[in-house]
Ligand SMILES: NC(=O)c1ccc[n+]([C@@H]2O[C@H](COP(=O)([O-])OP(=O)(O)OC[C@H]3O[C@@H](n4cnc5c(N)ncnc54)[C@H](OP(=O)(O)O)[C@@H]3O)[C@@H](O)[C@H]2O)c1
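Let's start with one chain on its own, the form predicted alone, as structure tokens.
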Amino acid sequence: MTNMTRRRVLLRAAGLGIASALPSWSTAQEPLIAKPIPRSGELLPAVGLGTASVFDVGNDPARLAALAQVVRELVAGGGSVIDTASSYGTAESVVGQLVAQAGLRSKVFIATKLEQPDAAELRESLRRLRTDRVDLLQLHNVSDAGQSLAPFRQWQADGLCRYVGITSTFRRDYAAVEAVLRKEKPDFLQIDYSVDNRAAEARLLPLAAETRTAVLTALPFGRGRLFRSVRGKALPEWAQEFDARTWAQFFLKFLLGHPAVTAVIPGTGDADHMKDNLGAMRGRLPDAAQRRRMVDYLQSL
């Protein structure tokens, strides 16, 4: 989703005079929502940051400065998860640079991905991230039911990562993901999931709960589809029942309301959007009936 698309939604809401549609930080003392990683019980702040595309900025000074503010806002607002990948262009290097310059390594949960269990590429990832270990190392885009996490488990035993996981954002590969999830029982599963893309609910989320696998949700805004669908529309008053103050929070709270979801990782290069996203960690989450109402409402637009 482009920043402009989302900004238009926010500005339109402001023009309609809808106070609850824009971020309010009067609730800054409310407890933040954090969910336990099933395998360890470690609490993970429920809203993090994705870096695909938006952090692939090379050495552009202006864009690096904007992203540095995004990372600062993430941590200042109580978040910690930063998700990246060796295949995201310069994103790993940018994350490593910004986290190191701000002295935030101890305050962030760094997750990265490898396309294959390649020890040389892992060493390069650690170098780019300026760290001797990552918090989560994921096998990216699982597509083969026979894929093994044995090398990842060895790296975990060697102290190069704290958790191991698998990812996919391709529905055609869900059968393979299910097989690997059932066989390997990774610590984490990262899967595409949004209020208008609920295919993961059928088998993968229940299986993740069964295997005690934490779930990160990629593409929680549906690549911008959701913001486009509500452009010019006011947030429904009943969203106040679960303390959603903006459309972004509405979309993210839908995901966090699912008991199997551990954290959402929307990507952004805008500090104001980062603040807005973090607001989904405050207040109540929708229950099952409210989540059905959210789906029905968006389908009616």
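A residue's number is simply how far along the shown sequence it sits, counting from 1. Bear in mind that the values here come from a model prediction, so they are computed numbers and not experimental data.
One more form of this protein should be noted, the form predicted together with this ligand, which is absent from this view; the next part is about it.
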property	result
Distance check, R72 to this ligand in the model of the complex, heavy atom within 4.5 Å	no
Contact label in the model of the complex: Q190 to this ligand, heavy atom within 4.5 Å	yes
Heavy atom of F227 within 4.5 Å of this ligand in the model of the complex	yes
Distance check, Y88 to this ligand in the model of the complex, heavy atom within 4.5 Å	yes
One residue of S125, S80, S168, T213 in contact with this ligand, assessed in the model of the complex (non-hydrogen atom, 4.5 angstroms)	S168
Heavy atom within 4.5 Å of this ligand in the model of the complex - the one residue of W155, F221, F109, Y163 that qualifies	F221
Partner-proximal stretch of 174 to 182, 95 to 103, 139 to 147, 198 to 206 relative to this ligand in the model of the complex, 4.5 angstroms, heavy atom	139 to 147
In the model of the complex, residues of 274 to 292 near this ligand [heavy atom within 4.5 Å]	D276, N277
